[in-house]
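Only one chain comes next, encoded as structure tokens, the form predicted alone.
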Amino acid sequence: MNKIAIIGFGAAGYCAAAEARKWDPDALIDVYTDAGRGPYNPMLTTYYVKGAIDYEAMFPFGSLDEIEERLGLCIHRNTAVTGLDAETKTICLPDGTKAAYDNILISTGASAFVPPIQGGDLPGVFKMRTAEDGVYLKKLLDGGKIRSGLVVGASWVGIKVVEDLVEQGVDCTLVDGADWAFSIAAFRQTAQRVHRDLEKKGIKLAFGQMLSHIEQEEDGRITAVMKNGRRFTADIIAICIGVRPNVAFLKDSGIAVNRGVLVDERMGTNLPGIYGAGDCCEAYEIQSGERKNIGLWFNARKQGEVAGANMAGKRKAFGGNALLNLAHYLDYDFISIGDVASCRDEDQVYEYEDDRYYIRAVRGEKLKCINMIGTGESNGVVKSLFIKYFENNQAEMDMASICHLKENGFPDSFIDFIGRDQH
């Protein structure tokens, strides 16, 4: 009998379990999760906070009890794996228990990073990642006493917290250590438009501000003190400066780890029978040809499916993937496709703006990065074209994509610019 262990139970872990069960009905599948509730979608936490969805909607696969029965799993709740001997495929548990398996999946996800600063544990200081974080913020806002909020981190999560605050009528300030919002994905020119539109909605912005520590005021409010001495006081402070893969337990395991677990196209690690999937791993990125961590719900699900199939004895590969960052907030869409850091002064630049769209794209010999604002309905089409160019630059741009872009108001000049890689 095939014995499978799944360490961590988010989207990747769930999809791996479902896929493995599909191909191997008799497999013994043990799941180890440090939580007592079902897998949740981190981005849905902010939708729950503003009341757009109810609590149960954060858990798209159902409760642990429902999943356990539906898939025939043995789920070890509130049980964090503390170590892994990859050579013997043996896991270690907090009570010293060890268990050996034929196949093991590492799908421990990522956690919000909060720097070890003074005042980081004060009441009203919080992060936004887990379902519990969402419950905490919603309770604060529903109490009706929050009048001002500070968000530290102009990140994809940070901007959603800004949205939650603004829609509750909370006076909001957004600060970040970088020079502009979404600095890992946005061109300066794109960010200038993002800043302008945020300020039109009454949001105060301050960039180039590195957090030093947080202090409690006599009136009960809290103040974020920056390294340059600047002070920002509010009723609550959200720290949204990024996430870190949960891989510390793999130290001395023999598994190759960079920022995350390094995996191949079948989601296999450097050792046989050990797989990785989701936000804790680094998989092949088609533009650079390197392995990178791309923490997206879609990726986690697809990687989990691939890992599950391979653990069940099938051969399945994870397809081409590109750096992608997107945000929908305050009726505003922003997407970045490709690597903004790869762009150089000598590259060709395309820029277009009308009352509906803003587009900025850069290319050298190939496309490098595309920023778009207001293009939500067409983001998937453009992303698919971007990936297609790296998979096969001899392919023709398909007529369905051309028609879609034209019908949705994209200029011919943009279609020509992104289509030059195809012959």
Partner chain sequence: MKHVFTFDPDRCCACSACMIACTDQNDINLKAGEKCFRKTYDTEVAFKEGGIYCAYLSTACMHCEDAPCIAACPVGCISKDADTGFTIYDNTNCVGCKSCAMACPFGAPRYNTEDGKMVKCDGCYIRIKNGMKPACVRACSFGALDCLTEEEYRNSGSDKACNVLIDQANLRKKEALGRWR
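All values derive from a computational prediction rather than experimental measurement. Numbering follows the first chain given and starts at 1.
The same protein has a further form, the form predicted in complex with its partner chain, not shown here; the description that follows concerns it.
Shown without its partner, this chain lists 70, 383, 366, 37 as candidates; in the model of the complex, only 383 has a non-hydrogen atom within 4.5 angstroms of its partner chain. Checked against its partner chain in the model of the complex, the residues 354, 26, 391, 65 give one hit for a heavy atom within 4.5 Å, which is 391. Contact check for residue 284: a non-hydrogen atom falls within 4.5 Å of its partner chain in the model of the complex. In the model of the complex, its partner chain sits within 4.5 Å of a heavy atom of residue 44.
The closest heavy atom approach of residue 297 to its partner chain in the model of the complex falls within 4.5 Å.
Its partner chain in the model of the complex is not approached by residue 85, whose heavy atoms all lie more than 4.5 angstroms from it. In summary, the region of this chain contacting its partner chain in the model of the complex, judged by heavy atoms within 4.5 Å and restricted to 106-114, 177-185, 263-271, 90-98, corresponds to 263-271.
Highlighted residues 202, 208 and 330: none comes within 4.5 Å of its partner chain in the model of the complex, counting any heavy atom.
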